[in-house]
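Shown next as structure tokens: one chain only, the form predicted alone.
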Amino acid sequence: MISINFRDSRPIYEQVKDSLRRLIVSGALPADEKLPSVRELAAQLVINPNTIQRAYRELEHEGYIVSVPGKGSFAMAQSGANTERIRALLAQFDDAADELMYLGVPAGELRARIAEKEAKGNEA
């Protein structure tokens, strides 16, 4: 489910956040699914609970999870996506596309990859 690479230069909370985001986006963690408690996940990964709390807080800010006091944290359906997150991802996409085209990847190949992702998304 979630793995931590202690040799990774990214902070541990970012690794946890990225892993959980990937699980939610891929559908492996469906909407309304309860996430492990902060303490449970911290014990499972053998890391400080504050690290998990920070990852959960950022995921909630980005609109990927919702925390319900007394009940826990849950994966959210992505019907009303966070516009700030979309803007940031599109900027990353633009930078990556610019660099890929600079390196000689044809625009047609990039379009084909997007179409492939779209087709996979429609299968789910």
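Throughout, we count residues from 1 along the sequence that is shown. Keep in mind the model is a prediction, meaning the values are calculated, not measured.
Not on display, but discussed next: the form predicted in complex with the DNA.
Taken together, the three residues Ser3, Asp18 and Arg22 all stay farther than 4.5 Å from the DNA in the model of the complex, as judged by their closest heavy atom. Note on the partner interface in the model of the complex: the residue among Glu60, Asp98, Glu84, Asp32 having a heavy atom within 4.5 angstroms of the DNA is Glu60. For the options Gln92, Asn50, Ser26, Gln44, the residue carrying a heavy atom within 4.5 angstroms of the DNA in the model of the complex is Asn50. The DNA is not shown here, and in the model of the complex it never comes within 4.5 Å of any heavy atom of Pro106. A residue is said to contact a partner when one of its heavy atoms sits within 4.5 Å of a partner heavy atom; Ile12 meets this definition for the DNA in the model of the complex. Contact check for Met76: no non-hydrogen atom falls within 4.5 Å of the DNA in the model of the complex. The shortest heavy atom separation between Val68 and the DNA in the model of the complex is within 4.5 Å.
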